[in-house]
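Heads up, the chain below is alone and in the form predicted alone; it's given as structure tokens.
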């Protein structure tokens, strides 16, 4: 049983995130791994991103194995964009063989999206995130997606994504329910900068679906460190940063410090909402993650 699954619902969960390198030189990645080692007592898992924005990086599987071998519990992100169901199952078998249990199932950004550095790449999308979740559930029962037997069941603790700022929100609510029905054990949200947005999403889910999922949700946080970052994030779908929050960063003597303060307030808000915890995405600013963990 993973540390994440064993503690979920028993304590306030905090997870982090890291990006593997863009190339075979592991020097910088291993430096980040060493920093995460110092934080592992307060973190219940570290996401390893899987080519986000269709921008080339080392595979998340390799990055997750490196974390596992260094005593850090990985949350292996796996996107459907790049692999058919055979390749997805093959990578999942490999992950399980290396003792990786936490997997975040994602559909993945299209190769032609604005951020992509490989816009001519062909998107596969043989499965979507919900059918990938279903695949992991049957693998946990010792079967593959086609009904054949595995030589041993896997033991995946399955995560999915939730976008509280999606519009229309009703579509995101029903998509979330589909993932839950497929077998998702927990959710990590897109970056949230206004706690009211998260609260409205949770309340909308409860009113439409008739159940409360706050005990399965880790609210995503990105510490802001400049007003330029605020302006950039506002161009991304589903991201809401209020004028008040933006002005706090713009007018701060130390924007990094103010960004940490805002994130700390959001952590308190997540506790007040009885969410399962938070997922902190430091966007390359590991020191911001360190500071936030010091106060937990």
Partner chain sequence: MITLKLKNIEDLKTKTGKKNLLIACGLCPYWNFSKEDIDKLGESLNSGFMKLPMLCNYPEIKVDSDEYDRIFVLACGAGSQVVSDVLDKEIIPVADTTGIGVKSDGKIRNYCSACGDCIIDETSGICPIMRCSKSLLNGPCGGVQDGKCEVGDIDCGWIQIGERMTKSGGKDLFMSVRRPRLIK
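Residue numbers count along the first chain shown, from 1. Being a predicted model, the structure only gives us computed values, none of them experimental.
There is also a form predicted together with its partner chain; it is not shown, and the following applies to it.
Stretch 201-209 is the answer when you ask which of 201-209, 70-78, 219-227, 96-104 has residues with heavy atoms within 4.5 Å of its partner chain in the predicted complex.
Put simply, residue 85 is close to its partner chain in the predicted complex: some heavy atom of it is within 4.5 Å.
Contact annotation for residue 194: none of its heavy atoms lies within 4.5 Å of its partner chain in the predicted complex. Although the partner is absent here, residue 171 sits close enough that one of its heavy atoms falls within 4.5 Å of its partner chain in the predicted complex. Its partner chain in the predicted complex is not approached by residue 52, whose heavy atoms all lie more than 4.5 angstroms from it. Highlighted residues 35, 59 and 62: none comes within 4.5 Å of its partner chain in the predicted complex, counting any heavy atom. In sequence order, 171, 172, 174, 175, 177, 178, 182 are the residues of 169-185 having a heavy atom within 4.5 Å of its partner chain in the predicted complex; the partner itself is omitted from this view.
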